[in-house]
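What follows is a pair of forms of the same protein chain, given separately as structure tokens and numbered structure 1 and structure 2.
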Structure 1
């Protein structure tokens, strides 16, 4: 206990002497590494598996039991209960103990043999859409397989044909579904890439606000300010690359496109966000409030920028707004860089956007610098106050 107290005191004293170094290490190294490892391990399975499922089998024929064994053998489902009433499925879903349910009606097999087309009812917990997406697809495949197997047994008993011919009669149209770029339908490859960047951009904006506030205390020339934001943007880019690199090295995240293109758009995105924080820190006279404003400014952009919910489904006004957010271009394009095979010339759209956005930010920083220089020159014999805009 005494030893741990000494370490805590030593760290506290070190932090007092080197606050910038400690914060930069925390934001640019520790948070990316911890976030990358924690979230990467959390989504290691790529897709939801062992989804709690309840089955109500009113038929209890050999065929219906064979069907339920298909579900038990699937990695996607974990049959937690064979219930004797339909209401039980809803009760378990209400308690978040089940996310899928199957009701097999009475006389299911006999009705099927008579050609009455009995209906199996499948239920999904719509409050958990990510789980539903996976289990609905898996359930559809099992049902199609079961139907094809039954039809083949019927035809093979009536016709003297080989199984391949029977299969062609059962399924006269063959359809292949192929997911390009993300064939395993991995949630990790779809969501995590941009989500990690959205977490790190908050720290980048906060660091930008710190540097902007430092400029209020000790004003720099415009050229020196450009050097400061360029250097800290490079640190910010390193932070994002470090976080995504962990996914690549330890969790098999793919990266199939140009490395140079990825580095360039990551650097430009980092500069966009850092400059936003820098401008806020340069204007707001309170350090803590400036950092809070900068963080709040970028916090919701992963949702507003159309990364988790596509902008094509948003109202027109939101869609226009989303196209003005840096994260809209970075989140979607860094995901494409990881999953697709893009070249540098394919990145014209985000490169043009980032260039224009950064130029606009640099003009704003220049205007603020000129205004403050004019203010100080005008009131050099007065109160000597720093202008508060």
Structure 2
């Protein structure tokens, strides 16, 4: 048995001898690299395209066929079936095989000519929100194009307007939409930058808790504690940069802003989170429980921090809370650093926040250290431990 498991034994012994090194490598290198590569590859398509769509055309006029051809030609839709009955759309949506459906009613074109205002019914699978938002926008664009062409014929016929003027009447106010910073609506750039940072922040908090717990077993001076959290914060920063660097190098993630600014806010964010874990690890008397508490403290912030869901959509109390947590600043600002052209002086808001947060944490660590020192001195003959160790 032992001979056939030399590798397993070597690995086992190595883990026993160097638990810190093994975990630091796992947390700060292996997991960021694997997560970055896997999720970056998964979302290679970037924007929902070729959305499986079912069309039910009860009309079969040239006009309605022209409309369905627009849908077919669009990159956003993939017409998987022309069905005979409306129920088929729901059947395919129930099976997750279709995400959009279009129903063109009977006598659609003739009703339109008679001014009876028939309507095209579009159906979306609301259970897949990421697809629906793209679907609706794309469908509206196609309809607007078709409608503009139809309205031009109306205006030309009814008002005897010259063609040059028709367009001005079809769209009295023409609106030019400019999508800034993420013009292609890249899903990866919207979602993945912050989500990867939030994966790593869990690891940072847990490593912080480990270091905090170590301080319970072998108390350090305040200065040494600061050295420890500063050093591990640097490691944490490296981990985030490694993970996002993979997106930059292999998956076309842009980075358009100040590099120094990015490094500074990444370091400060890492320190905020590491200190949070450190404080928990310094207080909770059980190592595993401390790690769990630290992780549970930061895990929900990826949702609570308003990174994906606008904070304006939250109740007031949650909005205030969101503005008080580090991930609100880091998630949103690191995405902005990647997509916008920000300079160092534009980062005043997150820098001020992180500085205040870290100062508050360092004061808490100092208070814990002083309290523990006082307790040990007071009960040196009796209770050798502090109430929280």
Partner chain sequence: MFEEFKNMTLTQKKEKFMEIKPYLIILLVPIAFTILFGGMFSPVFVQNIPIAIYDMDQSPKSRQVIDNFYDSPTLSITEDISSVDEIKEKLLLGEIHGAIIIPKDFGKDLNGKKGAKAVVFMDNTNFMYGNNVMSAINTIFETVNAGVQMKYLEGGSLVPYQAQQSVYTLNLVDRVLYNPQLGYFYYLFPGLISIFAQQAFLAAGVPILVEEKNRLRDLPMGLSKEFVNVKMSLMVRRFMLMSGLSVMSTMACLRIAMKMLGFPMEGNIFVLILFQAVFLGAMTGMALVIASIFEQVAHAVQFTMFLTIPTFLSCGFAWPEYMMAPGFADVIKVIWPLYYYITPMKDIMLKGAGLELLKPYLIGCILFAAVWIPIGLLLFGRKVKLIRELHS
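Numbering follows the first chain given and starts at 1. Take the two forms, superpose them, and find the largest set of C-alpha atoms that agree within 1.5 Å; that set is the rigid core. These numbers come from a predicted model, not from an experiment.
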property: Of the two forms shown alone, the one predicted in complex with the partner chain; result: 2
property: Residue 336: Cα shift of 2 Å or greater between the two structures (core-aligned); result: no
property: Yes/no, residue 217 Cα shift of 2 Å or more between the two structures with rigid core fixed; result: no
property: Core-superposed comparison between the two structures, residue 35 Cα displacement 2 Å or beyond; result: no
property: Per-residue CA shift, residue 119 (Å; core superposed between the two structures); result: 2.5
property: Angstrom shift of the Cα atom of residue 63 between the two structures (superposition on rigid core); result: 4.3
